[in-house]
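Listed next as structure tokens is one chain, alone, in the form predicted alone.
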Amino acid sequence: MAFEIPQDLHPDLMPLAWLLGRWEGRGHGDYPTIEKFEFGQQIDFSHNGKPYLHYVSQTFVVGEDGTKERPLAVETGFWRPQPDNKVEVILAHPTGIAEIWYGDVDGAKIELQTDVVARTVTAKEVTAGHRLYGLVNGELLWAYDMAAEGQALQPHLWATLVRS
């Protein structure tokens, strides 16, 4: 699918412009405290002319025929480009977790690490994260490593998405 940079895109967003739009696909999850699983995902990156991207990710259980059966997780936030190919990301989860991520933009590759993970008293203990996003042959590939529930930082989620 052809992608065009919007005319009203804030100039500071040019390094992140390749993320814009809706991405859909499948992913996998694994962690020592849970069973392995597969999921469907939809990610939306949008803008309003200001120097940030609005981000929403929704995951869901999919049936054998690929239809959405029920929601899993959702997160939303803002991606804020900074000078020298840096980026700040602020995310919130309905499970009671809020995160601040800092990272680097290197062309069509973005690597992020948590600076702060805050949680409500009822949220599970998440202490750190590492994310990698990349555009490879027109597909958005991403991976998320997590430290939680007394476990060291290790792979947790990964997916391959296509622009829809």
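This is a predicted model, so every value here is computed, not measured. Residue positions are given as counts along the sequence shown, with the first one as 1.
There is another form of this protein, the form predicted in complex with protoporphyrin IX containing FE, and it is not shown here; the text below is about that form.
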{"property": "Contact label in the predicted complex: Asp12 to protoporphyrin IX containing FE, heavy atom within 4.5 Å", "result": "no"}
{"property": "Protoporphyrin IX containing FE contact at Arg131 in the predicted complex, heavy atom, 4.5 Å", "result": "yes"}
{"property": "4.5 Å heavy atom contact, Phe39 to protoporphyrin IX containing FE in the predicted complex", "result": "yes"}
{"property": "Contact flag, Thr33 vs protoporphyrin IX containing FE in the predicted complex, heavy atom cut 4.5 Å", "result": "yes"}
{"property": "Check all three, Ile97, Lys124 and Leu157, heavy atom within 4.5 Å of protoporphyrin IX containing FE in the predicted complex", "result": "yes"}
{"property": "Heavy atom contact within 4.5 Å of protoporphyrin IX containing FE in the predicted complex, the stretch among 132-140, 103-111, 44-52, 66-74", "result": "66-74"}
